[in-house]
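Take a look at this single chain in structure tokens; it is the form predicted alone.
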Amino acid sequence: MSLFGTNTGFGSGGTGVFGSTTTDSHNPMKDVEVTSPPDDSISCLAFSPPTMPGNFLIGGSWANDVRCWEVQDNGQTVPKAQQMHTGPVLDVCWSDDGSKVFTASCDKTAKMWDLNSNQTIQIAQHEGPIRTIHWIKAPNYSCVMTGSWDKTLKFWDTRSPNPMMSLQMPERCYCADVVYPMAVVATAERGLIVYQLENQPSEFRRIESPLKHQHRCVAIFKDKQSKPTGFALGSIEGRVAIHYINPPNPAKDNFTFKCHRSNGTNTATPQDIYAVNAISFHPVHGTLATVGSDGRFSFWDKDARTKLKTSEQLDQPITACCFNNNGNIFAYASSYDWSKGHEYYNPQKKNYIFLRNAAEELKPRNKK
């Protein structure tokens, strides 16, 4: 029986894998700790695609490194390899066959890491730090899309030093997501652009932001036919917008909800409001996870418009999250995000990546 199977008590409290039942503020949910986490804040996480047997996790960090772990069925993690950039790594992604990992860095380059040979080569160059990187697999082409603070979105075929295409954006790229044939990019100054990727990438529509504060994270969701149909957008003001591209009834179908806030609705005390650092959709159920600077993760059902679960509070912000390809594992990273400035930075504090069994907790409320 595998530990990430559907009916184990993995990660559900009680005695954790590491024995003691005492409340531990760095791991209050008693989830599995990934061994040898990075030595500085963790910026991004990505699990291997379904084409690969087993589960491999990639994590990038502000220590300029990107690491790969094998996650075994019993929950143990085995560090496999690591590679370096010359600046913080801001984003990572996998090729669809799982043979390559792509990394984007503040050193203004993106690299392709061949996991079989453990070699890396530079595949992209920008005038500024590269904030996002995504693999695009279309019927007639495949390429890597990079979004940068130099206000360009570039597409690379990995073999040429020059991009196949470069698209100008109104502002710096802050976050992006790709589910073929759709890409969405959120920029500084609350810019929001949807691209279509069929035949060749092109701008499809600019959208007025449903949020009033700086964009922080974005994730595309699919309809029942597995076609990308909209996105969830998170801001620094503890709020997420659910936005459909072509809804039957925009005023009714599109909505926003508050999250990652403290003190509830008590108006006597001011509410602490935290950034939504990452959003990830469950690959099977279509429910979503958000993680925030408040040190909590929450699971939501956007169709029933309900919260499914909120975690206990960790002693650090949660900076990144992702699901594995079958949705049984939820990975989340705990590290300082500098949201409270340098005076709250404690170099003694370790960074952690936790793994949780996500098979049951993300099932929708009302199964249609």
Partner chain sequence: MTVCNFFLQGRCRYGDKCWNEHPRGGRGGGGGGDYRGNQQPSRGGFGNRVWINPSQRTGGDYVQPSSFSRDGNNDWSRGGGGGGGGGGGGVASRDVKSSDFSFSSQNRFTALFTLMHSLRNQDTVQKDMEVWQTSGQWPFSCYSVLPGRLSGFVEVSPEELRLEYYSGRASGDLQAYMNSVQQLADQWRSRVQELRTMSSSTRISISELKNPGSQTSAHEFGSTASGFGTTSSTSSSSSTGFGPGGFSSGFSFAPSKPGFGASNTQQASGFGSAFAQPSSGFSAAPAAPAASAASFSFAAPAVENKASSVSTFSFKLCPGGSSAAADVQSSASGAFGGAADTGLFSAHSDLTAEELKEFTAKRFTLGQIPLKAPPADLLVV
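Small disclaimer: the values here were computed from a predicted structure and weren't measured. Positions refer to the first chain, counted from 1.
This protein has a second form, the form predicted together with its partner chain, left out of what is shown; the following refers to that one.
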property	result
Contact residue in the model of the complex, chosen from 78, 284, 188, 164 - any heavy atom within 4.5 Å of its partner chain	188
Of 62, 323, 56, 299, the one that lies within 4.5 Å of its partner chain in the model of the complex (heavy atoms)	62
Interface segment, criterion being heavy atoms within 4.5 Å of its partner chain in the model of the complex, picked from 134-142, 119-127, 219-227, 206-214	206-214
4.5 Å heavy atom contact, residue 41 to its partner chain in the model of the complex	yes
Residue contact check: residue 172 to its partner chain in the model of the complex, 4.5 Å heavy atom	yes
Contact label in the model of the complex: residue 339 to its partner chain, heavy atom within 4.5 Å	yes
4.5 Å heavy atom contact, residue 94 to its partner chain in the model of the complex	no
Partner contacts for 139-154, taking its partner chain in the model of the complex and a 4.5 Å heavy atom cut-off	149
